[in-house]
Structure formats: structure tokens, C-alpha cells
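Taking the form predicted on its own, here's one chain by itself in C-alpha cells.
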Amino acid sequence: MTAQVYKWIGTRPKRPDGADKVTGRARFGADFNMPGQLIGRVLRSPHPHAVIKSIDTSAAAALPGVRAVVTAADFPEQENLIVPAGEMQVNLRDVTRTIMAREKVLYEGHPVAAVAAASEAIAKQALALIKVEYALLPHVIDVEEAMKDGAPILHDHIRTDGVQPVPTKPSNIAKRIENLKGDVAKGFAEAEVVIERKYTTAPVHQAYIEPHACLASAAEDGQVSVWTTTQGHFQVRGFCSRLLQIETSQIRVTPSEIGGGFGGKTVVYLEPVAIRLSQKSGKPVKMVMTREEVFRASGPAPGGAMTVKIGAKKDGRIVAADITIALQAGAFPGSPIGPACWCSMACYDVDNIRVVGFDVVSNRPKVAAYRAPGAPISSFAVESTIDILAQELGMDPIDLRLKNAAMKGTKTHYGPVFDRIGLVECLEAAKNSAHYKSPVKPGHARGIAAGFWFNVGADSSAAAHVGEDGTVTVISGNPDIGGSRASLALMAAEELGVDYDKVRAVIADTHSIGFNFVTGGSRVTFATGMAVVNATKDAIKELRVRAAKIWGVDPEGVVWEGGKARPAGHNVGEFEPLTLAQIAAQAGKTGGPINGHAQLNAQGAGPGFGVHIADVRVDAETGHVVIDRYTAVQDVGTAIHPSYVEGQLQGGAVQGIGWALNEEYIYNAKGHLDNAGFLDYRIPVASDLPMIETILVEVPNPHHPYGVRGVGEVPIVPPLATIANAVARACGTRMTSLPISPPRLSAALDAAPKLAAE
């Protein structure tokens, strides 16, 4: 329950985008068109690793109906500069090589050229006419293979960062990081029980239903307009500005509705190419990826290889942890190895921790963020080991976690000290839940796991405009993925003291509102929400000034309460309160339009914790895992719109279940992706799942006016280990590699008696 009673916050009004989406009126990326537009298509490498010896585009350019052709030569070289890309970091030098290969191709699907033509058919015909001469090179796909001496080297300039002395030879290991707390050797010397295991996970895709799509129009005067499906249109503007050397004021980016992103739409793939094609052709250019292109050439989450060693006393107190994590970055450095390391042991108050991480390149697409990037991978390994420890000690797995749970004052292994957090409350809520208290059905087993995401703040701008009829428009610059329009409007209505249906939240293009960082990292309701609250306060300040003018008093003699301006101090009783609509109706006589504005770099994002419970049964004949019951518990700070919050928990759980049981990129010996489509890349469907139960724990974040903590990242962190732990208890076989697909589990079950006999 919320600690404070609000009028609107915590209610469940209808979603503002619902009607348009169910009736088909909502416009997604591929729904934008302009008269005279051309169709842009990309030629992609059929090889995982090869030098580009030459590209001949002359025949394609001469084809009737082709208006423009571009290659890497049409994009200026970029400096060696690390810049933010959503929740991750990228190098501009690498970004320009991601949108168009230069010296060599680094993965199957790597763009090498693009055309703009009068029709889709002509564009495809033109691609077939482009002649590319390749010199094939050996490739490497697996993260551990890429780390070995003698592995094919992707980049001659990479020397492992974070190693002393600085290496003299190139390596696929782009970076080594280390987090250290206490004395790990001393901790293990005190341990009475030590568990050590190795784990691996496969790369998985965000599997958003809407593919990448954009429409770009470059005018004769240099102005560029872009309509695109994105999690951050200011980020699109920034990248296009840098990559094409166009001033940001010349680029106007309008976001469409978004058919899923989950971190995968915080980067650019098509937009710079579409702009350059439009500039060369003088026509608008529309580009839409096919589903196969999305899989082969956009950024999945990385796969990983982890070793976890945990030492504890016999009473369950963990005294030491030593963890090594290696993540695949794909073709260019920049996996979420930092967050993976930070989140690995963040749930636990342990005195002695060492976490070492490696960022490793291989011949795959450059990875992108995927909902708490890195955290599900490292948490799978740690939470599986914690479960083994609980079994070894004969302890209830929740009790073991409660004994070691992080709380206010806990210093993390990566530096910060936690303020008020709700992990203990989540564990207690899980233990006291109807699910956990219910008996486990015969033939079933129960697994639990915890998860963490730190959440972020960053830059946000907002405005609140009072209409002449007394309604209010709240303007922000963050695409709405998980219900932010409703959440922002609810906070504005609460602040103003007016009805929710009098507030309309809209998302502005890059010319119509100040800079906003991407929709990612669970930041929008927290950070942009704070900006909206401040903009609303600014508007209220102006409303008080206008009321004072109407009454002929000083502004200090006016307060704003219950959606009205009321006389204060010695003015009490002198005037009748004025509603927002009454003040707005006289705005022209009291100073003109009434608006509020705010901009900030939000600090104090509240860390989020969750605990998941799953009951499963395993078909020993086939290795098929059936989930009978699933509950997600999470500290959500304050649930601004509980229905949206529950949806976030359910959606994250489903994606994590898919990651645990079925999803993976499958490459063959030639370095080609064998399952680039939903027919072969198996995501969960409704028949695979029970109803996902949710329990909202509300421990308000003290650094937000309404106690908001981000909720979108945490739900995907616990499911991998939750399912793995349940499966291990169900069949007695611990699966340390994901996914736990039927063929893999069946093979492991068949091998178990042989191993026991040996």
C-alpha cells in the first residue's frame, strides 16, 4: 500500500493511446509516407568476416528508377570518441562502421551499400547489380573461443583496456574491469561451505514486433525531417548530426508510436542512411527492415560465460564471492559488462566480493541494450549458485536470501551505498504470498530468485501549457513505451489538483521541446516525471500571479489548493476561490498565455529489486518444461498507474521465461544465423504461460516527489534463474547453460544416469 493517500496517483484510468491502437489509427514507423517518396534498401554481407576489396555500384546506379546509391564513402570518418547510446556506451568510430561497413565486414548482415529507387522491386533489382569483391577471413562466434590465443582477430587496433602493462598485441578482449570489496581470500578462508560453478547463456533478441522503420526528407535548404520508430528521437538527431556532419538545429526528428523496443531501439541503423539517400536523390526516402534483417543486423543482447564461487558459513551467512563474467559485444566493443558486474551481487550484503568482467568482440552484430542490459546474465549465474548453496545447507531459499539481503546502508561492491530500498520487503512479501505458502503439487517443483537494477535519471525537459478553457497539455520528449503518458498526466493532475481527464500528455518532436535522454533505463516516469512536476509547479506559480492580478493583491497572498487559487494570509475571506478555468479565461487580460517549463538532470534514481517464484513440471521423456504458476514481486516505489506497472512486471517475466527456456541465436559453422525469423526463433506465446501473478511492494523513493522508482528493467532479471532453479529441483539435473530447451534438457537427463554411474 502507498504510504500517502493521493487523489489520482495509484488509480487506473484508461490508457490514453488505447483507442487509437486497437482501432488501427495509431501511426507506427512504417505508417509514415510522403508524396514522391523512394524506397531504400540495404545490401548486406553474406560473410561473417571478410576484407572489402572493391565495391562497384555503377550498374545499380544506371538502372532506370534508381535515384541514389550510397556506400561507406558517403559517410565521413568519425573520431575515436565514446558517447552514450541509451543505457550503454558506443564509439563513434564504430557507429559509422555499423551503419555501413568500411575496411571489412564483421558479421553476416553487415551493410555494405544502399539504394533508393522508385519501387521495392527496382530497389531489390539494384542491390543484385552491386558487385562486391571480398577476401574471406576466418571468423569466431563464441565468446570463449574469441578470448583464446590464436583466435581470429577482428580489429588490429584493439588493445585490452584495463590491463597493466598495456598489451602490445591486438586482442578480441576489448576491456577488463574489476570491482573489489574487502579481502576475498580472507573471506574464503573463513568459509565453511564453498560452491563453484560455470555458466553460459546464449545471445537473445529483444523480439519487438515492429521492425526498424523510418522516413527521411532532406530539403533543398539543408533542413532534414525524419519520422522514425525509436526510444529516443533526440538520440537519433544527435547520431545523425555527428555521422552526417549536420547541425542539430537542421534536423527535426518526430517519433512514431513504437511497437516494442526494450532497449533495442536506442541506436540508429537506417536513419543516417535514409537521410544521405534523400540528400543525394532530392526525394523523401522510406526504409523498413524485414524481419530477417532485424535478426541478422540489429543489436541483440549478448551471450555470456560466467564462473561463480561463493563461500558461506553453515548458518547461511555468505562471507565471500568471486565472479568472472565475459560478455559478447558483437562486432564492436561495448557490451553491458559494467552493469552485468555491478548487478551480479547487488542483492547481497557481503563483506568480501571480487567481480571481474571482460568485454569481448566476435563476428556477430554489435549488441544493444535489452531491458536491464547485462543483469539477467550475471544474475542467472549468481542466483543459481545461491540456490545450490541453499540446497547444500538445507535452508529455505528465501530465508537464505533474507539472511544476506542488502538494505539501507549496505555498501555495494561497485561503490555506492544504498539508501532506502525494498529487497527485504520483497523477500518477505514473496515468503508470505499465497503462491509460496501453497503446497507444491506432486510432480512439480518450485524455484525462486532475486534481481536488481540500479535505474537511472539523466536529462529531461518538460512543459505544461494551460489552455484557454482550463485544460492542461503536458509536453515531454520521451517516446511512450510502457505508459509514460498516463503516468505523466497523473502526476500533473495530482500536482494541479484537477481531474485527470483535464490533462493531456503529448510527446513532442525535437524542435518542440528541450533535450530529453532516451526512454530507457527505467528513467522516464522518474526523471521526466520530475521535470513534469516541476513544470507544473512553474505553471502553478504563474497561476497564482494571475489570480493576484485579478484580485489586486500580492502573489504571496495567494495559495494553490485543490485545483484553485485561494486567498491567503490577511486576504482570507476577501475573495472567492478561482478555478484554473476561470483564471485561464482571463489570461489575455492578466499577461497572456500561462505556461510552465522545467529542465533538469535528474539525480537520486531509486534502485529496484524483485523476487520471482515459479512452479514447473518437467516431462522426462521430452525435456519439455511446463510452467504451472508464476509470481513476480517487486518494489515499485510508488505505483503511479498500477495497471501499467503490473504489465511491466508481467512482460519482463515473460521475456525472461523465453530467455530461460527457448530463445537463442543459432549460428552454423559458416558463421551464418540459422534462425532469423519467428518461426525458428522461439518466443513464448500465450499457450506457453500461466497467468503471471504480481505483488506490488511500495517503498517510496525518497528522492522523488511521488516516490517513483523505475519498474521496467527489474522484471527481466530474476526469471532466468527462477526457472533454472525450479527445473533443477524438479528433475535433479542442474542446467548451467541457457536456454533449457527440450533437446538440451532431454540430453542432460539422458546423460545424468551415466554420470552418476561413473
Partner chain sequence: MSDIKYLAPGTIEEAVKAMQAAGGKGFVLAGGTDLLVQMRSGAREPQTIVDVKKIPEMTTIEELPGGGFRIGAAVSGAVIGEHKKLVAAFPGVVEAINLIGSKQVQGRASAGGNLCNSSPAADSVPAMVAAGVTVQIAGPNGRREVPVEKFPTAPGRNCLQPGEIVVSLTLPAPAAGSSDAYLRLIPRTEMDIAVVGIGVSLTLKDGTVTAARVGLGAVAPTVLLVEDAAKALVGSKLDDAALEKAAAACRAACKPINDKRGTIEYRTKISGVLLKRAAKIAAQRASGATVGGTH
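Positions refer to the first chain, counted from 1. Treat the numbers as computed from the prediction; the structure is a model and nothing was measured.
What follows is about the form predicted in complex with its partner chain, which we do not show.
- Taking non-hydrogen atoms only, Lys186 never approaches its partner chain to within 4.5 angstroms in the predicted bound form.
- Within 4.5 Å of some heavy atom of its partner chain in the predicted bound form lies at least one heavy atom of Ile683.
- Heavy atoms of Thr736 never reach within 4.5 Å of its partner chain in the predicted bound form, leaving it off the interface.
- Using a 4.5 angstroms threshold between heavy atoms, Asp349 stays clear of its partner chain in the predicted bound form.
- Across the options 166 to 174, 666 to 674, 555 to 563, 410 to 418, residues that bring heavy atoms within 4.5 Å of its partner chain in the predicted bound form belong to 666 to 674.
- Proximity to its partner chain in the predicted bound form, defined as a heavy atom within 4.5 Å, holds among Asp396, Glu247, Asp469, Asp619 only for Asp619.
- Put simply, of Ala73, Val572, Ala121, Leu136 only one has a heavy atom within 4.5 Å of its partner chain in the predicted bound form, and it is Ala121.
- Residues Pro742, Pro743, Ser746 of 722 to 748 are found to place at least one heavy atom within 4.5 Å of its partner chain in the predicted bound form.
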